[in-house]
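A lone chain, given as structure tokens: the form predicted alone.
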């Protein structure tokens, strides 16, 4: 890489999807504060308002559609960094899942990641870097209500490895597998899984946290720090990797 976003030595253009909330928002702000020109992408215009006020360029786009992804690619000219953070989850008992559930989730979690990685990545200058958001659920099967989401995140790991080979040595592609992160998505998962299992949210949350060796959830800001590292020169010898960020919950 010709510059390290952690040093602010030179402005680099970074595209961050799913930037209106959670890990995506924290990452967009982290890269902005470290000197990057950030294009923050999300389908939620209200969620992008404060990012625009901070200095991010913003783009409202629905990544489940080809037209939405086209808009991102057109706006990403000159980008050397890409974070595919956009993702959706549909919680349902595994035996109730239908093909439409698969298509809805895969359109954002797999198809969009593949398309943007392919088209933005191939146009990056030497030294570019991409981070795809996978999940600890790609390696665990304990929350069967999230089976579709989990399978989509496993697909992200596979496509990350393939693009890492395809783009080497000029562009690096890595993935991060977050575990329990304190975000609105995690709150929704607890509420819906708790309701499906007839377990109070507080009890379910306590049990999940107890399974984490470090004994707590992580913040979105902490996760954004690892993503910034993967994009930086400090990770310049890393590609095709899936970094667990799970407090020890997953170690493989």
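Residue numbers count along the first chain shown, from 1. The structure displayed is predicted, hence computed values, not measured ones.
Form predicted together with nicotinamide-adenine-dinucleotide (NAD): not shown, discussed below.
This chain is drawn without nicotinamide-adenine-dinucleotide (NAD); in the predicted bound form, the residue among 131, 108, 146, 120 with a heavy atom within 4.5 Å of it is 108. Out of the listed residues 184, 196, 52, 201, 184 is the one that sits within 4.5 Å of nicotinamide-adenine-dinucleotide (NAD) in the predicted bound form by at least one heavy atom. Not displayed here, nicotinamide-adenine-dinucleotide (NAD) is kept clear of residue 244 by more than 4.5 Å at the level of heavy atoms in the predicted bound form. Contact check for residue 23: a heavy atom falls within 4.5 Å of nicotinamide-adenine-dinucleotide (NAD) in the predicted bound form. Within this chain, residue 172 is remote from the site of nicotinamide-adenine-dinucleotide (NAD) in the predicted bound form, having no heavy atom within 4.5 Å. Although the partner is absent from this view, residue 88 contacts nicotinamide-adenine-dinucleotide (NAD) in the predicted bound form, with a non-hydrogen atom inside 4.5 angstroms. Heavy atoms within 4.5 Å of nicotinamide-adenine-dinucleotide (NAD) in the predicted bound form belong, among the stretches 175-183, 123-131, 95-103, 159-167, to residues of 175-183.
Annotation for 33-66: interface residues with nicotinamide-adenine-dinucleotide (NAD) in the predicted bound form are 42, 43, 44, 61, 62, 63, 64 [heavy atom within 4.5 Å].
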